[in-house]
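Here you get one chain, nothing else, as structure tokens; it is the form predicted on its own.
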Amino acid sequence: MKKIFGRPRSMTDKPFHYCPGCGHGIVHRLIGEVIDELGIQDRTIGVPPVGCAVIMYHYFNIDMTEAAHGRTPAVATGIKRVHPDKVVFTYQGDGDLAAIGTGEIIHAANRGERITTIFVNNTVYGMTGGQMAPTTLLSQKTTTTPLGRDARLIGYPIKISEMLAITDGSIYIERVAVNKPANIIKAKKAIKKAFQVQLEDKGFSMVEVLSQCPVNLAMTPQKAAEWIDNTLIKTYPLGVIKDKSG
């Protein structure tokens, strides 16, 4: 019998620890499929974040090394410069990348580091109880903004992808979502292209993934997926933000 579906070779069989309906498992799977299809399992190195995906090294059959909170671009930069033949990627959430790690990511992009970043944006701090993130929407309620985010007090949602796109060293930046099959297919295509930009040694590449966090959004998985379409995309529109890959 012909096998038409299976676990990516670059992933382990360890069950995910993520909450029901969380998008991290989908994003992990897409990365695994891309690594397999590009044939780069033996030379890919991942750098997980601090946050919900902190133990993602359990789920991949590749080399991975943990970094301090927000410092994954710095660690990835060091690895890539020592091993330029390796394919190096960081995996970061909105707290890790858009808060404590803002300085790391913008300078890595501006330097044109030959690394790839997968940035998962679910608009809350998922692991620590659903506090406001820099990407939290205006009027969105979180445990630290129980009345909704007020721009007069806390400022506006940070559009990281647009911010990094103005740096000369960034080559490819796209925003995708994993809330429904059609978007998941596009997300995989974007992740694959981001890795290909690195394989062609062109510069910094990043894919921002809008992802659902049903527990901290206080929604069912279905409602959280619909919320991305009906609300989140209005602030963070999907599509290619920058492509200088030629």
Partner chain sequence: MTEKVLMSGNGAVGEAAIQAGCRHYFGYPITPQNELTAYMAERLGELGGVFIQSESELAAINMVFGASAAGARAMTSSSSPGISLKQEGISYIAGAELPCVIVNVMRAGPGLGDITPSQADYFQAVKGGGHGDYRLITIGPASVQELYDWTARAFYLADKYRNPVMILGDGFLGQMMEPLEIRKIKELKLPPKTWALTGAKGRRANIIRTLMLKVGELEEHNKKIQNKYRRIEKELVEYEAVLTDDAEIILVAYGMCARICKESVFLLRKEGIKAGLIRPITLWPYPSAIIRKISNNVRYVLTVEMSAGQMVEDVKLAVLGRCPVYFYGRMGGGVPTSEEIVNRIKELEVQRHKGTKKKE
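Only a predicted model underlies this, so the values are computations on that prediction, with no experimental measurement involved. Positions refer to the first chain, counted from 1.
Although it is not shown, the form predicted together with the partner chain is what the next lines describe.
### Gly155, Pro146, Gly103, Gly129 - the one with a heavy atom within 4.5 Å of the partner chain in the predicted bound form
Result of the distance check: Gly103.
#### Entry: Heavy atom within 4.5 Å of the partner chain in the predicted bound form - residue from Arg114, Arg175, Arg71, Lys159
Filtering the options by heavy-atom distance leaves Arg71.
### Query
in the predicted bound form, does Asp63 have a heavy atom within 4.5 Å of the partner chain?
Heavy-atom contact with the partner chain at 4.5 Å: present for Asp63.
### Task
Give a yes or no for Asp201: in the predicted bound form, does one of its heavy atoms lie within 4.5 Å of a heavy atom belonging to the partner chain?
No.
### Query
So in the predicted bound form, does any heavy atom of Ile45 sit within 4.5 Å of the partner chain?
Flag for Ile45 set to yes.
### Task
Consider Ala165 of the chain shown here, and say whether it contacts the partner chain in the predicted bound form, taking contact as heavy atoms within 4.5 Å.
So Ala165 does not count as contacting the partner chain.
### Task
Establish, in the predicted bound form, whether Gly78, Val82 and His107 all lie within 4.5 Å of the partner chain, using non-hydrogen atoms for the distance.
Yes.
#### Entry: Option from 189-197, 51-59, 212-220, 25-33 whose residues, in the predicted bound form, bring a heavy atom within 4.5 Å of the partner chain
One stretch meets the cut-off, namely 51-59.
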